[in-house]
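What follows is a single chain, given as structure tokens, in the form predicted on its own.
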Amino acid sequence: MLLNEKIKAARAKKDILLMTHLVIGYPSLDDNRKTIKQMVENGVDIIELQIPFSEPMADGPMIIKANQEAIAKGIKVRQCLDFAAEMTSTYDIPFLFMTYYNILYKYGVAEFLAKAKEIGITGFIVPDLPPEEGAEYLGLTHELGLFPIQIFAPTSSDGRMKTLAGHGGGFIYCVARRGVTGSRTNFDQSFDDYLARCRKATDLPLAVGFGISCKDDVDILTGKADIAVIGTATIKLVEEKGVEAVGSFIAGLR
């Protein structure tokens, strides 16, 4: 089943879906395995696997640290692909790759996308690749039946949102605020106005990330967005309390 079909099927049963994020290789691949098991068993609907990169420009201090430590421990793209293949064969939920364009470029864009398709990855988030510079990537994802997820931001004009949506698929990732990942987001009237603009610009499901960290945040998004994205919160939880704390945290988000 394709990513859009899985989202539609899951959304028919739940008021809001949960998407989580982890950095492959941080703290270790074994910890990643245990974390994903707890996430899936406690109701996570989509998981975003970040392939570590040395300059993760869209990320905040916690995820930058995770990237740097995974790289320092020797994680390679090949290991990330092998790990993703293991996860997609173990769990029947969509897995996405999040990374930066240099990873695809060095591997070979066509080769990377074909391999991702082969191992069961359904979509990609590449935050430093605007559609105007991604003709090869966009064309190949379309040919392979993969989904190039585009990103809206509060600074995006209405016209820019429509352009991005026209190149996207699966869902739109709506950055909840200016800046990088990891800080709290204020869900005020300006946020509601922003989400209304996002909804007007596309018929694709809306995922909201950046600063989503507790049940109150998820409750606020319910009825306004289709997917709540929890990233830094789980990575920080694993660092501070260990993998064992993930299951109860995820279960408590709804």
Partner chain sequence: MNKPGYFGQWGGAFIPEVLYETFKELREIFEKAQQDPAFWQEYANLMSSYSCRPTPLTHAENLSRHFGGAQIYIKREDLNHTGAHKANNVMGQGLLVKKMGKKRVIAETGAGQHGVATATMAAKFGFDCTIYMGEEDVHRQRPNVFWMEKLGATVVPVTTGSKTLKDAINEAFRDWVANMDTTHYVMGTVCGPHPFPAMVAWFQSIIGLEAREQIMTAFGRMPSRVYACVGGGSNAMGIFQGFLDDGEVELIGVEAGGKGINTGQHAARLASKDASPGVAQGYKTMFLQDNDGQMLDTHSVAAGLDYIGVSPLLTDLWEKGRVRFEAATDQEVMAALDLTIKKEGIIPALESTHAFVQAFKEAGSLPADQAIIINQSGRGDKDIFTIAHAFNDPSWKEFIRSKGEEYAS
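Numbering follows the first chain given and starts at 1. Every value quoted in this text rests on a predicted model; they were computed, and no experiment measured them.
The following text describes the form predicted in complex with the partner chain, which does not appear among the structures shown.
In the model of the complex, at least one heavy atom of residue 127 sits within 4.5 Å of a heavy atom of the partner chain. Remark: residue 71 counts among the residues lining the partner chain in the model of the complex, judged by a heavy atom distance of 4.5 Å or less.
Taking the partner from elsewhere, residue 56 is found to have a heavy atom lying within 4.5 Å of the partner chain in the model of the complex.
Looking at residue 138, you'd find every heavy atom of it more than 4.5 angstroms from the partner chain in the model of the complex.
Residues with any non-hydrogen atom within 4.5 angstroms of the partner chain in the model of the complex fall in just one of 86-94, 113-121, 141-149, 100-108: 100-108. Listed residues 44, 201, 29, 64 were compared with the partner chain in the model of the complex; 64 is the one with a heavy atom within 4.5 Å. Although the partner is absent from the chain shown here, 76, 155 and 164 each have a heavy atom within 4.5 Å of the partner chain in the model of the complex.
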